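Only one chain is shown below, in structure tokens, and it's the form predicted alone.
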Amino acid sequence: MLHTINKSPFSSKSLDLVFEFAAAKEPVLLYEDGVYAAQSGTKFEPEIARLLKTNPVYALQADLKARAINNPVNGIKVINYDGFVDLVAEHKVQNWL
């Protein structure tokens, strides 16, 4: 299962739901405003760091750039649109709204 988050963790509980329901090794993709969770130095960094111990976490490069996030949490894999398509093609998707 691929867990996708497109809402900011500052205004949505989507990230909390992923922490609760994502099984180990299931990938998590941050895109659109969800990439705010990827920014290092925020209150979400420790939670993302814990998630990275059990799950791969991806962030869409174009959305990071559009939001001027230049320093994502160490361990997050930054991907382009082709990588996004590959993840969606490989997994069933659970979009947390």
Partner chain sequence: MAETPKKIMFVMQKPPHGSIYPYEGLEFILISGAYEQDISLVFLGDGVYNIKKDQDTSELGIKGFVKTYRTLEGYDIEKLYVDKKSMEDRGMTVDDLIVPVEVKTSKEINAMMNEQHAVFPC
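Residue numbers count along the first chain shown, from 1. The shown structure was predicted, so the numbers you read here are calculated from the model rather than taken from an experiment.
Below, we turn to the form predicted in complex with its partner chain, even though it does not appear here.
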*Could you tell me if residue 45 has a non-hydrogen atom within 4.5 Å of its partner chain in the predicted complex?*
no
*Would residue 94 sit within 4.5 Å of its partner chain in the predicted complex, counting heavy atoms only?*
yes
*Evaluate residue 79 for contact with its partner chain in the predicted complex, applying a 4.5 angstroms cut-off between non-hydrogen atoms, and reply yes or no.*
no
*Give a yes/no on whether residue 21 approaches its partner chain to within 4.5 Å in the predicted complex, heavy atoms considered.*
yes
